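One chain comes next, on its own, written out as structure tokens in the form predicted on its own.
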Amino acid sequence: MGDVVIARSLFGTTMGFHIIFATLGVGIPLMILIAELMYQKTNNRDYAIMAKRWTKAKAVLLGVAIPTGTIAGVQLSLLWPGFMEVIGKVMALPFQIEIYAFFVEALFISIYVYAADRISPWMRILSVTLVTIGAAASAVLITNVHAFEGTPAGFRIENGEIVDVDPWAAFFNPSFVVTAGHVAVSAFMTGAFVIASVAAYKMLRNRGNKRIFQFHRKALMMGLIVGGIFSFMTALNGHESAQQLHQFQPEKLAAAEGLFKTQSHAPLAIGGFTDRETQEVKWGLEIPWALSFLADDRFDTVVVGLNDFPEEYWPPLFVHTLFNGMVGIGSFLILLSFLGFLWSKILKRPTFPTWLMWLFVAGGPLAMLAIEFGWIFACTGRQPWVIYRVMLTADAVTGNQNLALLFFAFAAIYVLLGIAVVLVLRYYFKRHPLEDEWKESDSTTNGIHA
């Protein structure tokens, strides 16, 4: 592999691992907040216990998200010095503000973890609200750098020098709002479906214990409803994202849909794979005129094809498969949430069929897979540019020639970290079963009444 490919693989592996914990770090606090609100509304201690247990999981995940995020920051500087030179002069603002967002998140999660039983209900809710806001703000601010890479603004390069720098114009670059929205709602969606996935699995394992079964059923329905709302919002935001690509990165949209010829009434290709030789999507299902409508809400919109760009500027054509995987999973999750709501709230069935329960179990991993597909599509679809139409990835990479060993070393570290996280979570919740939480809750309540 060439130096650029190894550098991209190393950084991509780091981000692919980090994004698991970063996404859950944004999504789970919202579920904790909703559980707290449900507890204050219903006075049902099950919701307080949910919030407490999910907070313990959040703390473990945060313990991995922080160092992996730090590694990603270090790798940015070491692997992409040309890119960081531009970022340092033009786009440092999000990194600076993100420090304060992380401070808010860390401060109030500490208050909630260590003092939840000793502070007033409104303070509990305020604490979790600020954790949720801080976590979402951190993700949005960091991802804004990615938005800037696709739609750079706030500077010019003249005779090789960066001039006319406007940090706020760079911050509020054309795709900031859409990208920020997509990051937030997709993370909320994923956190909800991961909660639902765990709850469904626990229900399958505890069908004979009515109290445990009902506890996890509440968590399942909360996850499905919240996940369904945010998966639908993600789909709406995805439509806006496609329109942004049509306006600012047309070759990326063309590669996503395997469109080679510029045309109006362009079809939308679902499934299949892009064949460079025949310039078509093989074995895909075409929906007439749909791509034109997706691009600009009109069936006669002219969508620019790949043949209008130099071939060396084409993104890798496999991004079509990534795009389809992301959209397909998102559509499935909307359907899954609707089925759960229909079965429980409209048909009012007390239990779900086993086949549907296993689909619920699959929902969490699939949501995370969609996040990975989306992240890879976003970054790979911008290639060969690290900053679109400004700097090629090959021009930004380090001159260090010894990256292969680092790639395998970090890959091994991430495997071990992933295994460790699973073992720690299993060990903690095995040592602290629900029955103990109920006993502690009952003793606390009885003590208050006494």
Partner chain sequence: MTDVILAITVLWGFIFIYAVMATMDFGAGFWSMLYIKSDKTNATNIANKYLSPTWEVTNVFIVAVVVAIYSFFPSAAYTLGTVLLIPGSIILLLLAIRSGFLVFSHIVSDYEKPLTYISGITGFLIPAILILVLPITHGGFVDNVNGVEQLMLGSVLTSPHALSFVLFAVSSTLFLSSLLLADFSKVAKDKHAYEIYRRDALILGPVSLLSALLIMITMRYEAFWLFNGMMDYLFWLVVSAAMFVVTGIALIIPGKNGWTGLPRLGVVSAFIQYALASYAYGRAHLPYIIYPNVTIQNGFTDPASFRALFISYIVGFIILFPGFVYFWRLFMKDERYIKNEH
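Numbering follows the first chain given and starts at 1. Just so we're clear, the structure is a prediction, and the values are computed from it rather than from any experiment.
Below, we refer to the form predicted together with its partner chain, which is not included among the displayed structures.
Within 4.5 Å of its partner chain in the model of the complex, a heavy atom is found for every one of 85, 95 and 424. Screening 366, 281, 198, 90 for any heavy atom within 4.5 Å of its partner chain in the model of the complex leaves a single hit, 90.
Proximity to its partner chain in the model of the complex, taken as a non-hydrogen atom within 4.5 angstroms, holds for one residue of 74, 346, 236, 285, which is 74. Residues of just one listed stretch (237 to 245, 107 to 115, 336 to 344, 317 to 325) have heavy atoms within 4.5 Å of its partner chain in the model of the complex: 107 to 115. Contact check for residue 103: a heavy atom falls within 4.5 Å of its partner chain in the model of the complex. Mapping the unseen interface onto this chain, residue 221 falls outside it, with no heavy atom inside 4.5 Å of its partner chain in the model of the complex. Among residues of the shown chain, residue 355 is not one whose heavy atoms approach its partner chain to within 4.5 Å in the model of the complex. In the model of the complex, no heavy atom of residue 394 sits within 4.5 Å of its partner chain.
Residues from 365 to 393 do not approach its partner chain in the model of the complex: none has a non-hydrogen atom within 4.5 Å of it.
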